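To begin, one chain is listed below as structure tokens, in the form predicted on its own.
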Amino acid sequence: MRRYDGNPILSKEDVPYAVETVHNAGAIKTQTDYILVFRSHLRNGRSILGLARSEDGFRFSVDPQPFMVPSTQGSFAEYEEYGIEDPRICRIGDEFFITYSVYSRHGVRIGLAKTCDFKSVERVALITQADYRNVVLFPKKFGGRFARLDRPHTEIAPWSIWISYSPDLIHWGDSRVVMKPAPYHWDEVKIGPGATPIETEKGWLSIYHGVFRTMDGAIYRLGCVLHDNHYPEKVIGIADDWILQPEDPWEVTGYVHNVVFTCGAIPENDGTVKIYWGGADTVMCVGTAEIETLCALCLNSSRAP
């Protein structure tokens, strides 16, 4: 990973309405703009989603109003009562689908929304029961079915990454575990899918987060994994080493110390990928990497799933 010299790229001072943080942004590139849909804490402690645009993927300006706030009517209101968080964006056809965490007195589950223009947004469905987080969609079908990576919030199979399939993006099943934390490893406590998977010749490249507990608290780092191009439940290789850890001051210290957490990565035509991450749950950062290098890490320096 090569960190951008201008990090952090977004902080609360860049937002034209009152927030305390800017972090954990889904990312996508349209025909005209780079888009970040980011999470922000309000001063009541609950989260909303804002939107920022850029011509180059590094210098962003924030829209004057929030992009999504917790629903106050219909079936979504009860389950978004405590806030909405950590969006991921996936282009399918001419539409952009957004998966996001919804919090309420019933726990955390996943909402699905869609937009065509990032000016208006339509809620589609609540697509998990409690307790699920970190749902990312694959941008292609497999055997006529959509696929997603998700992370049940359970200690039975400690915070592992699963895959599920759907005929319509709303009803999901055929679920199976594909990857678990490795004992006494940098991701031994829990793992979760991060950015929307990227299709490569070697497989689907997925950037994920892993957590390690120390005497000074938990550390969130980023790693990468390759899934089979045709059968994404099959893991080809997982990089044994992390690719990013908290190092800069705004990653080491903040709302939650020692965190780099991604919800979005954008592949470019030159073979690089821009990876966006929240630093210490407080600011947004970006860096670049060679897609081929990340694939090689998964294949040549791999651990068991």
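Source: prediction; values computed, not measured. Don't overthink the numbering: it's just position in the shown sequence, from 1.
Missing here is the form predicted together with a small molecule; even so, the following discussion is about that form.
Exercise for the section: Given that the partner is absent here, state which listed stretch (55-63, 232-240, 30-38, 258-266) has heavy atoms within 4.5 Å of the small molecule in the predicted bound form. Expected result: Answer to the contact question: 258-266.
Exercise for the section: Look up in the predicted bound form whether R133 has a non-hydrogen atom within 4.5 angstroms of the small molecule, and give yes or no. Expected result: Heavy-atom contact with the small molecule at 4.5 Å: present for R133.
Practice task
Please run the contact check for D86 against the small molecule in the predicted bound form: heavy atoms, 4.5 angstroms, yes or no?
Solution key: Answer yes; at least one heavy atom of D86 falls within 4.5 Å of the small molecule in the predicted bound form.
Exercise for the section: Please check if R221 has a heavy atom lying within 4.5 Å of any heavy atom of the small molecule in the predicted bound form. Expected result: No.
Practice task
Could you confirm whether D14 comes within 4.5 Å of the small molecule in the predicted bound form, counting heavy atoms only?
Solution key: Flag for D14 set to no.
Exercise for the section: Find the only residue in K190, R148, R109, H227 having a heavy atom within 4.5 Å of the small molecule in the predicted bound form. Expected result: When the small molecule is considered in the predicted bound form, the option within 4.5 Å is K190.
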